[in-house]
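The chain that follows stands alone, in the form predicted alone, written as structure tokens.
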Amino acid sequence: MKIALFSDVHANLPALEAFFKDVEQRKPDAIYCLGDLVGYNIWPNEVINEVRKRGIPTIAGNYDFGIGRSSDDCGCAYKTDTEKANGAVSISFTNSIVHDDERRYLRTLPAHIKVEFQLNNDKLNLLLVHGSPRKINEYLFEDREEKSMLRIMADADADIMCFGHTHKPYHRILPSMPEENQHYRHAVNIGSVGKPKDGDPRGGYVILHINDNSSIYDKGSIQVEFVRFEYDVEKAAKAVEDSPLPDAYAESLRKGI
């Protein structure tokens, strides 16, 4: 089974349209969206409706949660006063242009999606979250201590946990503790379609490969394919510059930071 997972579009319609063209060629068996449809660009309504009309199961990102409730807090961890000021402009602008029906849709999005497989008499739980199972805006970076990541996944009963929020893709295979009856958990950050932060301005997503021989006891039997695709970055950046949004967001799109 091929499962396409994407996240963090952030109102970037050119990136989303390019994503759909790319993923449709790969013919996945299922597609899930891990949230943050809105914020930081000018097309929140269009992005929401492109996802809705395809019937794609979608969870709430922290930005979706805030905009759905007309909040001025997106739950973002801005590090500097400049970032905080720019963020305030972004959420205010997004709140001003999101339509009532689209806002209602954002309020209905679930926090998590769990998919349970029964393979080779083994249960395999796939958990989809935005930040973490504990908090919608918790950042799970690649350098998180292994024991901490394992504890988060064990508490959530997740054999494979896929998430976004940091906009930096990675795949970690974590051996269970204790070593007897060894099995493995997979932590997968799926990156960002519309606002990458790993130095690569191309959009990114993941295809998860699960087959009838996949098992928690064979770490190589679950495969994670990271996909990057080109899109019209300049169109998205120019849209930012022609709007009330801070120009810094345009430069971040051009540089992938």
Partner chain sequence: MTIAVFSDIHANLPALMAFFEDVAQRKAYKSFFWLTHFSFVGMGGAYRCGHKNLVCQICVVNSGRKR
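On a predicted model such as this, the values are computed, not experimentally measured, just so you know. Residue numbers count along the first chain shown, from 1.
Here the subject shifts to the form predicted together with its partner chain, a form of this protein not shown in this document.
Judged by heavy atoms within 4.5 Å of its partner chain in the model of the complex, the contact stretch among the candidates 224-232, 185-193, 198-206, 25-33 is 25-33. Site residues 45, 96 and 103 are none of them in contact with its partner chain in the model of the complex, judged by any heavy atom within 4.5 Å. This chain lacks the partner; the member of 77, 113, 154, 173 within 4.5 angstroms of its partner chain in the model of the complex by a non-hydrogen atom is 113. Of the residues 158, 109, 149, 91, just one reaches its partner chain in the model of the complex with a heavy atom at 4.5 Å or closer; this is 109.
Mapping the unseen interface onto this chain, residue 117 counts among the residues with a heavy atom inside 4.5 Å of its partner chain in the model of the complex.
Looking at residue 58, you'd find a heavy atom of it within 4.5 angstroms of its partner chain in the model of the complex. Residue contact check for residue 52: one or more of its heavy atoms lie within 4.5 Å of its partner chain in the model of the complex. The closest heavy atom approach of residue 257 to its partner chain in the model of the complex falls outside 4.5 Å.
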